[in-house]
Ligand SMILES: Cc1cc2nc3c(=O)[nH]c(=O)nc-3n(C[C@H](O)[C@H](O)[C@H](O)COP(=O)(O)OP(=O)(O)OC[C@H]3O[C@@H](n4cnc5c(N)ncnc54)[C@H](O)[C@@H]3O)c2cc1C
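Read the single chain below, which is given as structure tokens and is the form predicted on its own.
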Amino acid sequence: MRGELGRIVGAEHVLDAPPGSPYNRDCTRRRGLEGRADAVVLPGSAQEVAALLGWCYAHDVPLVPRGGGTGLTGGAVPVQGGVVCSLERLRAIRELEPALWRMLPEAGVSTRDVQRLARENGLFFGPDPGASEQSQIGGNVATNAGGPHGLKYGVTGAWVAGLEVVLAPGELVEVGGWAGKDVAGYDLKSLLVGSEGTLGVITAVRLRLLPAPEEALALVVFLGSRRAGCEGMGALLGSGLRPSVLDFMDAETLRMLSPSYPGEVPAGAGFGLIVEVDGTRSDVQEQRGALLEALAGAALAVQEPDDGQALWRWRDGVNGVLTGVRGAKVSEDVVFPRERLNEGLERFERMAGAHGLPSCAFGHGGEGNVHATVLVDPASERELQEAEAVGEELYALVVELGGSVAGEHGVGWLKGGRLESQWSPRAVDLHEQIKRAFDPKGLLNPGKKLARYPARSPVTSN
């Protein structure tokens, strides 16, 4: 195998993947999920990706596309072996046209570099998923990644005008394009966005950009209770405000993060909001006044941090702080309808308590996107099993309340089959038919983004 693959990409770009190799896992920490790749291939061009997929299809070998490896659902883990196709060498910016508000990066360009290049040219790329220095734009498109600014600016797919993608059995094609309007056919571009490498391998992305907002202002709002916080978010949005960020932290999250907060958490705070508004300077000041008016009488305190970067570093550190409390955490990415967010959070807390586990919740409240978290001792098998049981009950609750089992982290391996509980049988059938149409041999990232519960194939889980 190695010799044949080496003839496609060069022998130095074909790697082994022994146990423990980073190419056998992503950032999923659930029970140490790890696969075993038969080989890792680092193509240097879209044409080499096409040749690689052609070889895999000819030899019935699974191919697992991989970006920065920052996923949280096992989407880049080679659970059925095969070839990991790492796109890290595809790092060219093929086009950057500031006057036309657009950029064409290859799949391996980091999110941070896309954001930086846009900013240096007076433009703005809105999606801001975590681990921006490691995550890659191809992976962000493949998972349709979100982030705090998704409320106003949408998830990654909203910025995609077109894709260069390798489809089975090894053909390089383009879908979408720079045309301002195009309703001429089925929207194949949007079908490939969020497909998690199960329908094709994204090699380059046509990105729409926007002029950068003149100013942004972040406020931290403290309220007395979860109910008051959820009602406060409703009041903000109901007033007509369109903040760029509306994130929340529940009482337990606030308690654990308060020592590192770049300010002072007021006594009695039971819920926290981070609200950011942006636009022209006059727009920002007008929105600030409207925000304060909407929360008048409900907020315990509204603080305007002197150092906005310090605030976001604090917010970005939430996962590390929570993990350190007991040594590990199990966090589920789910979505409740916004009007039922308070109910969802309250019932989740009761579920975790019934299983004897401390819990907390935080996330993007403007969209109802919750990172529902239980804290566990990683050495306790009982606690790990109880955490899994909480997750099962949570997903049932999400479906009951009309939400979604995945908000911004994708389905990957860990959430395989959960769509079946959320969708109608006909929708599930169509999902599977689309997969077969794009990938008749089932070799593209097998075992991922499955609508029905799969028969689990062997995979290391330490």
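Counting begins at 1, following the sequence as shown. Just so it is clear, the model here is predicted, and its values are computed rather than measured.
Note that the form predicted together with this ligand isn't included here; everything after this is about it.
- Note on contacts: among P243, G232, G197, P105, the single residue with a heavy atom within 4.5 Å of this ligand in the predicted complex is G197.
- Scanning G270, G130, G170, P98 against this ligand in the predicted complex with a 4.5 Å heavy atom cut-off leaves one residue, G130.
- In the predicted complex, this ligand sits beyond 4.5 Å of every heavy atom of T373.
- The closest heavy atom approach of C27 to this ligand in the predicted complex falls within 4.5 Å.
- Taking non-hydrogen atoms only, G68 approaches this ligand to within 4.5 angstroms in the predicted complex.
- In the predicted complex, at least one heavy atom of I202 sits within 4.5 Å of this ligand.
- Contact with this ligand in the predicted complex, defined as any heavy atom within 4.5 Å, is confined among 425-433, 34-42, 406-414, 54-62 to 406-414.
- Taking this ligand as it sits in the predicted complex, the stretch 143-161 comes within 4.5 angstroms of it through a non-hydrogen atom at T143, A145, G146, G147.
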